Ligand SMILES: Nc1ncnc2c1ncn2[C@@H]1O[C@H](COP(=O)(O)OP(=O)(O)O)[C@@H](O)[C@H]1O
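Only one chain comes next, encoded as structure tokens, the form predicted alone.
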């Protein structure tokens, strides 16, 4: 499956979710996992610096599938590790991405090699984001329960559902994922209630609480599930719910 994490607002826990969901799929579901980092900020690539790097994400947009296949033959794919197409500054060259053909064909080829392909996207409406949504089986939108994040949610949902309606009818939108939730914060609780009232609670996934040890794991470039945190089961329960919808 091809799974894209998308939000046009940054700082919502998007990359933290994707990194640890990749570890969850590998360690708890025994899936071979490839992560593609299409965000020039390269936070995902940084946190996965110990992953098996098999190329750069920009090449997937500009090189045809025969070139990719030749490179893969010379690369050691490690099914027992997270594999990575890392971010590079070349991804900022939007003018060179006029067609999604190479990206589509390369994703199809990589899909024959891995059980799960997870795509991290930049917090901006770009061609890379649009193309990723066009070829995804599943999409999720993490948000933070603060006003700036909430203001951009309708735009992101409109983009996703327009692509589903007009381009990728097989895409399954798994839901909006409230992230970095502080349950004692009354403002966040009110904002969540407003979202439920406006969109319907069924659109939302179980929230991920703010946990400092979760942020520390990403900063320290390790799987949260390999830490001594007492909150691991809490995150596994959220991931179990997401996985059950796939």
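Positions refer to the first chain, counted from 1. Worth saying up front: this structure is predicted, and the values here are computed from it rather than measured.
What comes next is about the form predicted in complex with the named molecule, which is not displayed.
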(message) Residue-level contact is defined here as any heavy atom of the residue lying within 4.5 Å of the named molecule in the predicted complex; does residue 211 satisfy this criterion?
(response) yes
(message) I'd like to know whether residue 12 contacts the named molecule in the predicted complex, with contact meaning heavy atoms within 4.5 angstroms.
(response) yes
(request) Please run the contact check for residue 215 against the named molecule in the predicted complex: heavy atoms, 4.5 angstroms, yes or no? (result) yes
(message) Only one of these stretches, 23 to 31, 201 to 209, 61 to 69, 187 to 195, has heavy atoms within 4.5 Å of the named molecule in the predicted complex; which one is it?
(response) 201 to 209
(message) Suppose contact means any heavy atom within 4.5 Å; which members of 175 to 201 contact the named molecule in the predicted complex?
(response) 180
